[in-house]
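Only one chain is included here, represented as C-alpha cells and corresponding to the form predicted alone.
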C-alpha cells in the first residue's frame, strides 16, 4: 500500500496539478465581487443545522466563531487556532473550566451589540436547553461533555466540562461552530442569517444564486477587502468548469474539481492556479442495520469484503486518493491508521479476488447464489460526487449476488432521509470538519448521534471514545484511536471506501487564498481575500 501511495504522489506531480499558492505579500486592493460557482442548492443558510460544505462555503463569511483556525495555515491543528470573537482564553487547573474573554464593540449585522449572552444562547441551542429549537442538530454530540455555559458580565463566557477534553477547543475552531445572535430565531437564521462576520447576507434564491455584501461595520478595521461575494448555482460539473474556463468565475467551488476535469482546466486555462489536496471527506457505504436481511452481521461483512477500493480511486480520480479507515490517512491526517495496520483489517488486504471469494462464501451460507440474487436500491445524494461512486458500488456488488439499482435523492432532503434511516443501503460522503477523533467518533459512531446514519451502537466503544478524548499524550492517544478504528472496521460500522483528493482552482487575480489540506469546512471566512483588478 505504501508503494501504491507513492505512485499516486508521482502521478500527481506528472499532471502538474499542485501549484503552490503562498500568502500574497502585495498591497491589497479594495473592491470587486468574488464570483464562485456553487455545486448545488443548500437546504438552508443555517450552518448549525446543516451537514455539508454546500452551506459552509457560502455562509461561513457571514459569521464569526469564538476562535478559528488560522485561515492561512494549510494544516489545521490546535497550534493554528487564533482568537476571533474571543480575545483570549484560559483553562482551569483541573482542566474542566474554559473561560473566554470576549471583544468589546462588536455588532451584529442589524446593529445590535454582541455580548456573552449570545455565546450562552448559541450553546444552549446546540445542547437542546433553550426554548428555541434547531430543526436539525447534527453536532449536538460535539457538546455532550459540556454541562453548561455561564456568563460573567457582557464580556466573559465560561464552558463547564464534565471531564478534561484537550481537543474541545478544536471543535470550537471549526467552521461548523459559529456564534448565533440571541435575538434572532433559529427559523429566521435558515433564510436570513444575521452574523458578526465580514460579509452580510443579501439574498438566497434556491437553485439560482447566493449573494453577500461587504459588512462596512466589521470589527476588524480595513476588512473585508471585497465588496461582495456571489455564488451561482450550477449543478452540472462540466457546465460549471466550462464557465470557469471562459472567465465567468474567479474561483471554482472549493474541493470540487476532479482530476479528469482538472486536465481540462490546465489545458484550456493554463494560467489558473490549482491545488490538489485531501478534503477529509470519506466515501463510504452505509447500511440500515435494522432492516432485514441487513440485520444479519454476516451479510454486512460480505459487502465489506466485496469492496475493491483501489478501483474506485483509479476510475474516479486516476489514482489520486487514499485508502484508509474513518480518520484521514497520513501524512495530511494526524490520526489516521498506518498502512501496515490497515492492510490487516477485513476487506483491506490487497488480494481482491480472495476477498470477493470470501464474500461469496458468506453469501452462499446465507442462501444466496447465482440462482438466488438479492435485489435492492442504493440510495445516494443526487450530485456527481455521490452518484459516480454509487454506480461503481452497484457494479461491484454484482460479484456477490446482489443486484442493486440507483436511487438518487435531492440534496435538500438527503441528510434528513439518512438520519431517519429511510434507506436500505446507501453510498454516502462523510466529512470530518475537524481532523480530530472526538469530532469523528462522537458525531458518526456514538450511540444515538443524529449523524450516526447506520444506527451502529457499541457501549464499550463509547467508553473508549471518552478514554481517548481525555488522553493528553499524542502517541498513546493514537494507539487508542487505531484500536477503535480496527473495531469499527470489524463491526462493519460504516465501511470506508476511499478518501478522495480533489482540486480547487482560482484565477491569478484572486489573492491571499489558502487551501486547507485536512478539512474542507474551515477556511471560508474570505475576509482578507482581494482581487487584483
Partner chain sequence: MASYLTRRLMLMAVTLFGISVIIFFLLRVVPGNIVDILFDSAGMVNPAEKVKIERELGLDKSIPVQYLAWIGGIAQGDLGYSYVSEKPAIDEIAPRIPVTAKLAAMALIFSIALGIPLGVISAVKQNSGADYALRVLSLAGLSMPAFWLGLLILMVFVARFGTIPIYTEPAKNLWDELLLYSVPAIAVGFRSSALIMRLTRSSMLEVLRQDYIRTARAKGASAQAVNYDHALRNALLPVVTIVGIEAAFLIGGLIVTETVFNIPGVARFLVEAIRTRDYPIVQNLVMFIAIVVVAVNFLVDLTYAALDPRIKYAE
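Remember, it's a predicted structure, so these values are computed and weren't measured experimentally. We call the rigid core whatever largest set of C-alpha positions still superposes within 1.5 Å between the two forms. Positions refer to the first chain, counted from 1.
What follows is about the form predicted together with the partner chain, which we do not show.
The chain is drawn here without the partner chain; in the predicted bound form, the stretch among 149 to 157, 102 to 110, 229 to 237, 298 to 306 whose residues come within 4.5 Å of it by any heavy atom is 229 to 237. Within this chain, residue 207 lines the site of the partner chain in the predicted bound form, having a heavy atom no more than 4.5 Å away. With a 4.5 Å cutoff on heavy atoms, residue 277 does not count as touching the partner chain in the predicted bound form; it lies far away. The partner chain in the predicted bound form comes within 4.5 Å of a heavy atom belonging to residue 419.
Among residues of the shown chain, residue 439 is not one whose heavy atoms approach the partner chain to within 4.5 Å in the predicted bound form. This chain lacks the partner; the member of 142, 348, 249, 253 within 4.5 angstroms of the partner chain in the predicted bound form by a non-hydrogen atom is 249.
Site annotation in the predicted bound form: the residue of 49, 491, 471, 70 reaching within 4.5 Å of the partner chain with a heavy atom is 49. Scanning 450 to 482 for heavy atoms within 4.5 Å of the partner chain in the predicted bound form gives 450, 451, 453 in sequence order. In a rigid-core overlay of the protein, residue 494 has its C-alpha displaced by at least 2 Å between this form and the one not shown.
The Cα shift for residue 422 between this form and the one not shown, taken after rigid core superposition, is 2 angstroms or larger. Here residue 249 does not count as shifted, since its C-alpha moves by less than 2 Å between this form and the one not shown after the core is aligned.
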